[in-house]
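In the form predicted on its own, a lone chain appears below as structure tokens.
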């Protein structure tokens, strides 16, 4: 019970400290904005550790963060191989192919109305299909290596990216489009000088949504067939072996990769759309 009491005290202290920082005179500074989520995360990990130790929770139910950290440090070569197979090969390649194809298709949809009327309803239908139904089919079509995982990612990211890009290309107002016509601008001149810049916030919104979908698609697809490497393969086999610390180590890798991936896209968005009100300090 001492551990449980320490966990309660740690949570109260972390709550008090974050409240003071978030509501203090320096709340808007960069240091406080970084410190608050860091303190909150460390508090959660500390409470997790103390509760698991104090309540003697079995490893097969919930491993302590220290046990996960030990397993992580001992399994770096395995985790790296899984990261390369799932993230760099499957998720990243599918992300690039799917988002690029969706962007080009969005230009065609914007150019010809019959594509917008015919393709977007089909896209909504395909986007609603469960991954557990499409992944096995694509694995059978493209094989058990990373190519099938990339195909699953393409299907998952294509239509969210397409819908966001089409919406962004139609964001320019009628007055702005009429002004371009009065300047005798061609379709492509109007596209590059007006409509594409106006669509950038929507495009990056689709790119950020797709980062999460790409990771989920690549990992889940490996549950339906994979070589003896990959994050999804490792998670499924480790669960069968009741090695929950290895499962959590893979989850940590996925969380770090997803955060870095999303952060990279957000940094590029800030550099490209610095003029947008959402990016102003």
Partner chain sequence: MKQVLAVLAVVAAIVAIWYAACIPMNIKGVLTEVERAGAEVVPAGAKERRDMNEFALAARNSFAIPATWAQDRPRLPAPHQVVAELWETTVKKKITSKRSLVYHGWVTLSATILGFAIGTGLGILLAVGIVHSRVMDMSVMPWAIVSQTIPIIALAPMIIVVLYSVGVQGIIPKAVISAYLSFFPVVVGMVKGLRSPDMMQLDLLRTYNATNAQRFWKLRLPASMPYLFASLKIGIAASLVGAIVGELPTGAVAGLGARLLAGSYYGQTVQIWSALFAAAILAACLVGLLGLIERVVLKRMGMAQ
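Positions refer to the first chain, counted from 1. What you are looking at is a predicted structure, and each value in this text was computed from that prediction instead of being measured. Think of the rigid core as the biggest set of C-alphas that the two forms share within 1.5 Å after superposition.
There is another form of this protein, the form predicted together with the partner chain, and it is not shown here; the text below is about that form.
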| property | result |
| --- | --- |
| The partner chain: the contacting residue among 119, 81, 107, 97 in the model of the complex [heavy atom, 4.5 Å] | 119 |
| Answer range among 88-96, 162-170, 136-144, 70-78 for contact with the partner chain, defined in the model of the complex as heavy atoms within 4.5 Å | 136-144 |
| Partner proximity in the model of the complex: residue 233 to the partner chain, non-hydrogen atom cutoff 4.5 Å | no |
| Contact flag, residue 13 vs the partner chain in the model of the complex, heavy atom cut 4.5 Å | no |
| Touches the partner chain in the model of the complex: residue 37 (any heavy atom, 4.5 Å) | yes |
| Non-hydrogen atom contact residue 51 with the partner chain in the model of the complex at 4.5 angstroms | no |
| Every residue of 22, 60 and 239 near the partner chain in the model of the complex, heavy atom within 4.5 Å | yes |
| Within 4.5 Å of the partner chain in the model of the complex: residues from 206-227 (heavy atom criterion) | 212, 215, 216, 219, 220, 223, 224 |
| Exceeds or equals 2 Å, Cα of residue 192 between this form and the one not shown, core fit | no |
| Large Cα move at residue 25 between this form and the one not shown, threshold 2 Å, rigid core | yes |
| Cα distance between residue 132 and residue 207, which in the model of the complex differs by 3 Å or more from this form, closer or farther | closer |
| Inter-Cα distance between residue 270 and residue 24 in the model of the complex, nearer or further [3 Å or more] | farther |
